[in-house]
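As structure tokens, one chain now follows by itself in the form predicted on its own.
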């Protein structure tokens, strides 16, 4: 039988200072509640891995949780820059941030290689780009069968993966469906995994053809956190809060405004606030 942890217990059991941590979700199912708990617990010296770091990683970086970012694109989708990310890179506030930049294809292949237990990812990529000039981990190899020159990068093998999912069943299996990123691959590549979910159910019931079920043995800790992806969305539960993404631009530009927002909305709040916000973003059909 599944033992469901509180979010605080789950983060404490999975995330440690100095870890490499992949928190994935592609517009959909971004694990904001878990990220806020990492801030509340004051985790430090993390290497953050993510294909598309957006608001959540801006918050973690601005609170000094990260020493390094491994990524392929960083920004506030449809709005502009991540100002806490820029401040860390350009001005070293709250401290210097090391970056390792890749392409989307490279990140996806690195997760896939990590999930397969391979030491590196080999693929066609980086043709005509300057990224190999600034990232020494981008190498090239010669295919022993065709003589073709291919790109190679280290596999992603994070210490911990954190994702938000729709449902977990009573035995600890986890369901994701809708727009998926590399959550499955991140979980399979990681040493430890934390999953927050909208619901705990007896049976998953009918599901879409793109549904992914992560078996219980791939998951280290599960926390029941309704609304845990807010302000991103969870298919069938609540929609994306586009207004907040626009508001974040002004909030994050100024250091004091940012810190005041974190104090009020993260340090002084618990995961129950996510459920309240999500209730206000129910799909129109409901």
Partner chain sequence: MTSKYTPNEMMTIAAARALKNEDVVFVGIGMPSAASNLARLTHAPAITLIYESGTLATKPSVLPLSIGDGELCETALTTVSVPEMFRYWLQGGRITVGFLGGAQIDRFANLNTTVVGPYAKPKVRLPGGGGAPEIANSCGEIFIIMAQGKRSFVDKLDFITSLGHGEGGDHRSRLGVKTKGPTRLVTDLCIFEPDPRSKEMTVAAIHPGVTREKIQENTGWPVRYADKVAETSPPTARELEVLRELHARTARAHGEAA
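Numbering follows the first chain given and starts at 1. Since we're looking at a predicted model, the values are computed, not measured.
There is also a form predicted in complex with the partner chain; it is not shown, and the following applies to it.
Student: Taking the shortest heavy atom distance, is residue 243 within 4.5 Å of the partner chain in the predicted bound form?
Tutor: Taking the distances in the predicted bound form, the answer for residue 243 is yes, it comes within 4.5 Å of the partner chain.
Student: Are any of the heavy atoms in residue 261 no more than 4.5 Å from a heavy atom of the partner chain in the predicted bound form?
Tutor: Residue 261: no, not in contact with the partner chain in the predicted bound form.
Student: Wondering, does residue 128 line up within 4.5 Å of the partner chain in the predicted bound form on heavy atoms?
Tutor: Close contact exists here: in the predicted bound form, residue 128 approaches the partner chain to within 4.5 Å, heavy atoms only.
Student: Is residue 103 close to the partner chain in the predicted bound form, meaning a heavy atom pair under 4.5 Å apart or at it?
Tutor: Contact check for residue 103: yes, within 4.5 Å of the partner chain in the predicted bound form.
Student: Between the options 122, 188, 200, 213, which residue brings a heavy atom to within 4.5 Å of the partner chain in the predicted bound form?
Tutor: Of the listed residues, the single hit is 122.
Student: From the candidate stretches 108 to 116, 202 to 210, 165 to 173, 189 to 197, select the single one in contact with the partner chain in the predicted bound form, where contact means a heavy atom within 4.5 Å.
Tutor: One stretch meets the cut-off, namely 108 to 116.
Student: Using a 4.5 Å heavy atom cut-off, are 89, 178 and 182 all in contact with the partner chain in the predicted bound form?
Tutor: Yes, because 89, 178 and 182 each have a heavy atom that approaches the partner chain to within 4.5 Å in the predicted bound form.
Student: Can you name the residues of 42 to 76 that have a non-hydrogen atom within 4.5 angstroms of the partner chain in the predicted bound form?
Tutor: If the 4.5 Å heavy-atom criterion is applied to the partner chain in the predicted bound form, 42 to 76 yields 51, 71, 72, 73, 74, 75.
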